[in-house]
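As structure tokens, one chain now follows by itself in the form predicted on its own.
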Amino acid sequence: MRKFIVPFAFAAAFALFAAGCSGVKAGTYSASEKGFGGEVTVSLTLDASGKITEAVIAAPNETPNIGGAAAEKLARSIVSSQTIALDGVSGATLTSKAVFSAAEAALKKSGAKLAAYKKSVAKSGADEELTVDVVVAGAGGSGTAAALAASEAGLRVLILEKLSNYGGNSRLASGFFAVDSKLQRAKGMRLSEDVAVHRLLEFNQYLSNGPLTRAIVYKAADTIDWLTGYGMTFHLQEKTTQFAHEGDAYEAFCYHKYDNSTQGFDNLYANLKKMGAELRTNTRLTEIIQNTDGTVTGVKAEKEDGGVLTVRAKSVVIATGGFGGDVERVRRELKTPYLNFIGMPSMGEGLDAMLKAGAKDWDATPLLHACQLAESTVAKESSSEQLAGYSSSALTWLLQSPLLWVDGQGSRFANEDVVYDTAFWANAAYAAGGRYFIVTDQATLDSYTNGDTLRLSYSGPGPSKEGGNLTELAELAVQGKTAWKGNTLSELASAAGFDEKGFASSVDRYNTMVSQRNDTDYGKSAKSLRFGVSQGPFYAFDCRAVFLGTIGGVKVDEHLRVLDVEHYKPIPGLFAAGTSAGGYYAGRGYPPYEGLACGFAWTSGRIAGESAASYAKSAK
């Protein structure tokens, strides 16, 4: 827990403030609210006059360089301004809201009059104007690659990032997909880019962009070497965590993992600085500037101090990510409230700006990615291992097993072996409305407590590394209303809201298939048909589909030029990359190739940067 203390030094202003704070009882008051990754606790210390002398914000489950950094900043601002009517930190909306709500609850406990602490603080930053050759909005993998490529061309490059640091989802990821790399060849692997392209297009039912797919696949392996030259190094995955991919080299062994993504990003930005590129953090894109003929000539952005930054540029690359941080927008898109979110809090600023500039949202959609137990605490850093969304509860042993799953009506809906594939697992859960239930009996919990389990999946969040008493944990989940219990199947159906007859029929049919080791409904493997549901008490555990930000974006060509779809011509001067660019996927189904989205981010960014540099050099 960190403490940030800023003395309130303006006596005259404080005299006016204190006059509205009678009734305050001096002391320290605390309250908690749910943030992005877990509980955020705010502790405010007030003196007898009502002055906030100390603010301590504990946000251990927030992403360190996003929500964690926001907590530090807000703690300082609350003390220095003596108000909780502050602007949220850009990119950390959920953390900011949690801090403000918890701070208000803490103040209420003190007896203070809330109105005295809700006075807004005006921003008065100066406006600024810059001229560069290429401006890149977004400092994740795609934006960083675009900046590197444009800087290599000897151009003046400016990078804008709304967060306080660089990296984005690409830093939180584990690595990326590439075919026929030097690392693969060193291990005797001979894989074909043509085969990979064909498989991707076929999986996408030819709804994806063929030329773009070829451009990405054919340049990805070289991009591995290119990034390595700038200090982002990789190793080839030797053992897949997604067991459904075993035996398929394209699905399992095209995953090039970072050696250390944090150090790698630091190296990349050290090189960018040497090449003369400038990074502006805490600077949020608000508008794309165009001439009357539609040619893009720069951007406008909001600075941290409230001032407007106007950037005149020959080329603009939008790499701000999708809209995954806008949870309500995602729920409208997916038409279900039952979703958990991990990843970066991108709010769609770049997409919206490009639409106003004449682009078309071609296929932007949430990226379904594994599942979690309801209300589970997530960990965001997963660059060394695939542990995004990891929970320490041994109940994850149930989550990561192909036990009996039913939907909200109590009907079985899928082959539970899909738990061994991150994408297909999430797809199955989404097909059930985004929420499903793991159904077990007491005998199964006893077996799992003793370490006798089905093969535990390590896709997505991965199971707890430590076991535990599953019955005790199940009872706690029932108390927390993330699981339901019944001494009979009828009681469980009533508690969980299932259709009683339908649920009983599903369980009876499943038990028959377990006894025969033959899933005649969905084809689950015989080795996964070990545990029936026959010995009460019975439990149903609430599980949710997870989305990891969004994928897709505006219509682009293979050069990552943003297209005016009506005329199928590039919008002059405008380029997009990563999860701002569409055409590599088809709808919500994510192809089962590990590291695909991250590979697209880096490689599309590189191509966008090269294209933007070429355009800038030719522009008058």
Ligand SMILES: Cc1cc2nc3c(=O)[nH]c(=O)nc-3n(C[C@H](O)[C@H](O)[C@H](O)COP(=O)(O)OP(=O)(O)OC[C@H]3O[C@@H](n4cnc5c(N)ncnc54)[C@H](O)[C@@H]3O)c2cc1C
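Just count from 1 along the sequence shown to find any residue number. What you see is a predicted model; the values in this text were computed from it and never measured.
The same protein also exists as the form predicted together with the named molecule; that form is not shown, yet it is the one meant from here on.
- The named molecule is not drawn, but in the model of the complex it has no heavy atom within 4.5 Å of P366.
- Among heavy atoms of E349, some come within 4.5 Å of the named molecule in the model of the complex.
- In the model of the complex, the named molecule sits beyond 4.5 Å of every heavy atom of P570.
- Within 4.5 Å of any heavy atom of the named molecule in the model of the complex lies no heavy atom of G38.
- Of the candidate stretches 25-33, 555-563, 52-60, 578-586, only 578-586 has residues whose heavy atoms lie within 4.5 Å of the named molecule in the model of the complex.
- Checking T95, S170, S315, T422 against the named molecule in the model of the complex, a heavy atom within 4.5 Å turns up for just one residue: S170.
- This chain lacks the partner; the member of V296, L454, A474, L163 within 4.5 angstroms of the named molecule in the model of the complex by a non-hydrogen atom is L163.
- Contact residues in stretch 535-559 (any heavy atom within 4.5 Å of the named molecule, taken in the model of the complex) are limited to L548.
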